[in-house]
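In the block that follows, a single chain appears as structure tokens, in the form predicted on its own.
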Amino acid sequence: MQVVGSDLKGVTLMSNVALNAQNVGKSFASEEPFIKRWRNRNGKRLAVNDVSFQVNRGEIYGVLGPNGSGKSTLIRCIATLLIPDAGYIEIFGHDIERDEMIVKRLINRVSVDAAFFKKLSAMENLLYAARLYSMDGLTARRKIREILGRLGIKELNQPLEHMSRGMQQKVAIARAFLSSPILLLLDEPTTGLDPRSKREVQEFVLEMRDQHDATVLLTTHDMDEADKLCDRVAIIDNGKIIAEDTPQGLKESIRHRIPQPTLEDVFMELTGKQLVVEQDLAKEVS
């Protein structure tokens, strides 16, 4: 494992803490009627509310929450796509605002609504991404074939518009892996995938962590996925972290009420809410 001050991807790592978020807040203009907006935080809707947590290097850290809980907004702040209104976020000791360009060299992100050039093939989309990462053509083609093959994608030259949404999502995952990030942000990456594809992606995430020194921040609606992949889990509700522990620790916390609890039992016990069924979520974002 690299140590503090070592050079990786041309960047000096200032800390062995992969992600340090402290008192992070983010609000948006409220969509409520004018009178309610005027009375409610000057028309602001608080999406992320005083969130603090750390992710150690080499961890897979899960963030679980219902739709609208703030988890995707939090991921976008970490990915430098949004600027927090309060608090600060550091990636290996580099501030996401002050050191934005350095941070972007260390991270990559997969979202549930990944965008592509749909008329182009998977190979063409990924070669375009490789140029943005300054990869040479031969290296890029070799790596693209390796990653897509590992994810079970054989139609490299088929336009993405002719591929299923699940296959497109696997191409998005391949694009994120292409740059070999040391902090990988996965925002519901397996939503809409069939069981076999989901398992292939989960195995690849573990491989990235174990063999390529990647740290992973994962948001998911799949409790079994979180239980299988995550070293630690935070549960977020109404923009606040309400619990944080290992999956086993979270389940132990309610064993006095439920003899053989699952992570979903923990979630419902702490939030009083039920997660959106994944099939319904897939329909919302398709």
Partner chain sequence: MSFWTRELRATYAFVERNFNLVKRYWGWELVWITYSIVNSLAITFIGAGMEKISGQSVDTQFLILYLLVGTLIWSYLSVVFDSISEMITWERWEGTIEYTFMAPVSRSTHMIGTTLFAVAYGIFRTLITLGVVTFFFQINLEKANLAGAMLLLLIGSVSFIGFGIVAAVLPLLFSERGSQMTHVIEALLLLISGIYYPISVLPDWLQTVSMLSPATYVLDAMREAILHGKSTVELLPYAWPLLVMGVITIPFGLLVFGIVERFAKRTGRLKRSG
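Remember, predicted model here, so these are calculated numbers, not experimental data. Residue numbers count along the first chain shown, from 1.
We do not show the form predicted in complex with the partner chain, though everything after this point is about it.
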Want to guess which of 189 to 197, 143 to 151, 126 to 134, 208 to 216 is within 4.5 Å of the partner chain in the model of the complex, heavy atoms only?
-> 126 to 134
Among Lys26, Arg57, Lys251, Arg232, just one has a heavy atom within 4.5 Å of the partner chain in the model of the complex, namely Lys26
The partner chain contact at Phe116 in the model of the complex, heavy atom, 4.5 Å = yes
Answer yes if any heavy atom of Pro159 is within 4.5 Å of a heavy atom of the partner chain in the model of the complex; otherwise answer no.
-> yes
Taking 4.5 angstroms as the cut-off for heavy atoms, does Arg175 touch the partner chain in the model of the complex?
-> yes
Examine Met167 and determine whether its closest non-hydrogen atom to the partner chain in the model of the complex is within 4.5 angstroms.
-> no
Contacts with the partner chain in the model of the complex - residues in 65 to 83 whose heavy atoms fall within 4.5 Å | Ser72, Arg76, Ala79, Thr80, Leu81, Leu82, Ile83
